[in-house]
Structure formats: C-alpha cells, structure tokens
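Form predicted alone, single chain, as structure tokens, below.
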Amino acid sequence: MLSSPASPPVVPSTTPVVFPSTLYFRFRPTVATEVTIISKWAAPGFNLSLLRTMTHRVTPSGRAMLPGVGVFGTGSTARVLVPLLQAEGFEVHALWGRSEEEACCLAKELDIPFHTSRSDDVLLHQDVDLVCIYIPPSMTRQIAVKALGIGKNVVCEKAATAVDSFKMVTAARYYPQLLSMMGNTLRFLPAFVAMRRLLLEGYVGDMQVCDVRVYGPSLLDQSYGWTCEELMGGGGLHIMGSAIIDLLSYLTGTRAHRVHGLLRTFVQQNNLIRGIRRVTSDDFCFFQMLMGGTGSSGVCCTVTLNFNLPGSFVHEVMIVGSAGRLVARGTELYGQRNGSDREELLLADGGGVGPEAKEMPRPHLQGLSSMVKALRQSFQAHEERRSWSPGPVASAPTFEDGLYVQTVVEAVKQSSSSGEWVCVEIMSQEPDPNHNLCEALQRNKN
C-alpha cells in the first residue's frame, strides 16, 4: 500500500492534482484546490467516469460549508434523519435505497436531488463527504469499509456480527483522520449526558447496580425481512439491546467481562408472516452483566427487553449507588439521595425536536436530534468540508465501541444457548475463515 506524501504541493486552483485512488490525503491550501482521483489499477472495462471530482469549497463570504451528505437507507431512521440534517444546514445530496422505487419515493418526499439503488453512485458522488448508513446490519460493514477507503466520513448503525465489526475497526484505524462513528443516539440524549455528569460528580456514590427496562410493541417489519432473522441482525437484543449495552458502558465508564442471558421468540408467525416462514429473532430478552472490577468492586447490571406490549413505549434506566440513585424515564431524569423521602426532577423533557416518528421511540428521536447538532458543531469550525473537530463528538461511540457491543451481544446469545455465564473476550485479530474446516479435517484424519 502506498502512503500519502508528507507535504502535498500547493498548486494554483486551476491545476488538478492527480493521485492514485488508494491514497487518501488531507491538506489545506490557501486557495480552493480541485483534486481529481483516478485509479491506476482499474480493471479493463471499469467505468472511470464514475470517479468524481472532490472539491474544497467555501461560501462567497469565506465561511466554511458543511459537508454534503449521502444517506443509505429508506427506513424510519433515514426518514427522520434527513429533515434533521437539513434543519442544521447540511445538504443531503444523495439517497440510496434497496430498489429504485423505494429510493425515488423517499427522495421526492424529502427533496433529495439524487437517488439510486447502486451504492457506488452515492459513495463516488462529487458532493458527498459524509455518509450516514442506516441499512440492514448484514450490509453495514461492506458500505462502511468502502466509504472509509475512498475518503468519506462515516456515521453508521451496528454491523451484524463481531467479525464484521472487527473489519470496520481495522478500516477506521487505517484512516484515523476520517470520522468513523457508531450511530447510538442515546449517548447524546440530554438526560443521559446529565446522568453521566452527575455520576462523575458522585451523586450516587459508588455505583453498585444498574437496572434497565425497555418495553414496547413488536419490532418486526410489515413483511418478512431482516428483522425476522436472528442471523441477519434482527431481534430485540441486537436492535435495541445493543444501544443499552453501549449506553451502560458510557454511563459507568466500564465494560462487561461476564454475561448471562435468556432469549425467547414468543411470536414466530403472525397475520403477515406465515406459511413456511417463521420468525427466528427474539422478542424477549433478559440478561445480566458484571462490569468493571471483579468481586464486590464491580457493577451488577440487569436488562429486560420485552417487545410484546402494544401501546406506549417504556424506557427506564436506573443506577443505584452507595449514596443514592438516578433514574432516566423516557427523556426525563430523576434523582434521590439516601435520606431523602422523595425523588426530585433533575431534567425535564426538552420538548419538540422536529418530525415525529411513531416507529422511533422518543429517547432515540431526541438523541438523534442532539447527535446531528453535535455533527454540525464538529464540522462547522473547518473550511475543508471533510475536516472535523473531535470535541463536539467526543462522547460518540467509536467503531471499537461497536466491536465491544457486538461481542457482548454474541456472548449473551451463547449464554442463552448454554445456560451458563460467558466471558466477554474481544477479538484482537480476524479469525481464519477456514478454521472450522481445518478442525473438521483434522478430526477425520485422526
């Protein structure tokens, strides 16, 4: 792999600078410089016209432009995300959907000028510098890794497996100058930001117990799809539980080292999913985590996820310590110190945040709004559209956090199958894809 030059030449704005496509570089010339990226190693017949021009631009007044955004996904999150981005000054230039029809319909609704069902058309779009990926988990790794490889900043949802997450971590480490951020919006919810600050200030004393309850209606789509399949990243544990696992790590400042869990699928068929097809993803999950130190010095966490309750959505996170407790109910924060006879409201609901989405719980909706504001603050301080400041998004989960979360998810599933406590061991290298085959061949030889 070639490396980028230590000090790229400053050239007149009328002169293009040509580099191989495998190079990613960052520099700030005194004038706007047009950079054309052309591949030396394109296969015969490769359509070089797809490789676009990426330009450093500023407004006529000299103020920096926010990066242009390309959105992958046409689901409820993408439908809410685009208006929030536009309200903060981001221009959404491109939308990807699984089909041309899906992409066209949402693009017209949200006033997005370009839509496609071809991922490369978004990634290579000349005006896209930030890619937001909200697609089925089984597809996330492929798009995220490719986006980083061609120099795009990335905000994305979770991957389907720990191996996929590890590949994303590898790509993020290879391009440390790019933003690579997991989209767990709960970290940005004001109630949890305040809760973390109070925990650091010692409001509850030494943390002892975390108890989380998330109840709501079914997470299944209207038709058979990835949400029905456990192996494709469906189920309450993966969809909602992963956000809770990450949140508890953020709040406590520790990680789980042992877990025990139970998963069940109570609704295997319904009026829309029937016949030979059955749901394999969980709709009920209960798990425990031992976090931090061993013995009495650690934090004991219990999480209950139940998505068999039509109606209102319940989201409660309670942390109990030696001096008191903090409870986040929905988007509000309550606290009670030992010796006090009543709870006090520490942070009220912040009110409207933009478009309502019945499919998106309010804590996630408000967190998404706060995350978009943080992204704007991170990018607006720089002239170059791909440069960003880490301060405003310092609390955001990294791809390394995503790998930890996915490792815990898989450990909980393993515990549910074995009925035993499972140690959380984060992979440090990608497993050999032929490992199981080699073991089988060795057994047959013996």
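Sequential numbering from 1, following the sequence displayed. On a predicted model such as this, the values are computed, not experimentally measured, just so you know.
Below: the form predicted in complex with a further copy of the same chain, not depicted.
Peer 1: Would all three of 154, 177 and 230 be in contact with a further copy of the same chain in the model of the complex, where contact means some heavy atom lies within 4.5 Å?
Peer 2: Zero of three within 4.5 Å in the model of the complex.
Peer 1: Taking the partner as it appears in the model of the complex, which of 233-241, 305-313, 190-198, 160-168 has residues with heavy atoms within 4.5 Å of a further copy of the same chain?
Peer 2: The contacting stretch is 305-313.
Peer 1: Counting non-hydrogen atoms within 4.5 angstroms of a further copy of the same chain in the model of the complex, say which of 269, 338, 117, 76 makes the cut.
Peer 2: The option sitting close enough to the partner is 338.
Peer 1: Check each of 325, 255, 125, 141 and return the one that places a heavy atom within 4.5 angstroms of a further copy of the same chain in the model of the complex.
Peer 2: In short, 325.
Peer 1: I'd like to know if residue 93 sits close to a further copy of the same chain in the model of the complex, meaning any non-hydrogen atom pair within 4.5 angstroms.
Peer 2: Judged by the heavy-atom cut-off of 4.5 Å, residue 93 is well away from a further copy of the same chain in the model of the complex.
Peer 1: Does any heavy atom of residue 298 come within 4.5 Å of a heavy atom of a further copy of the same chain in the model of the complex?
Peer 2: Taking the distances in the model of the complex, the answer for residue 298 is yes, it comes within 4.5 Å of a further copy of the same chain.
Peer 1: Is there a non-hydrogen atom of residue 280 within 4.5 angstroms of a non-hydrogen atom of a further copy of the same chain in the model of the complex?
Peer 2: Close contact is absent here: in the model of the complex, residue 280 is far from a further copy of the same chain, nothing within 4.5 Å, heavy atoms only.
Peer 1: Against a further copy of the same chain in the model of the complex, would residue 87 count as a contact residue? Criterion: heavy atoms within 4.5 Å.
Peer 2: Although a further copy of the same chain is absent here, residue 87 would stay clear of it in the model of the complex, with no heavy atoms inside 4.5 Å.
Peer 1: Counting only non-hydrogen atoms and a 4.5 Å cut-off, give the residues of 376-412 close to a further copy of the same chain in the model of the complex.
Peer 2: The stretch 376-412, when checked against a further copy of the same chain in the model of the complex, contributes no residue at the 4.5 Å heavy-atom cut-off.
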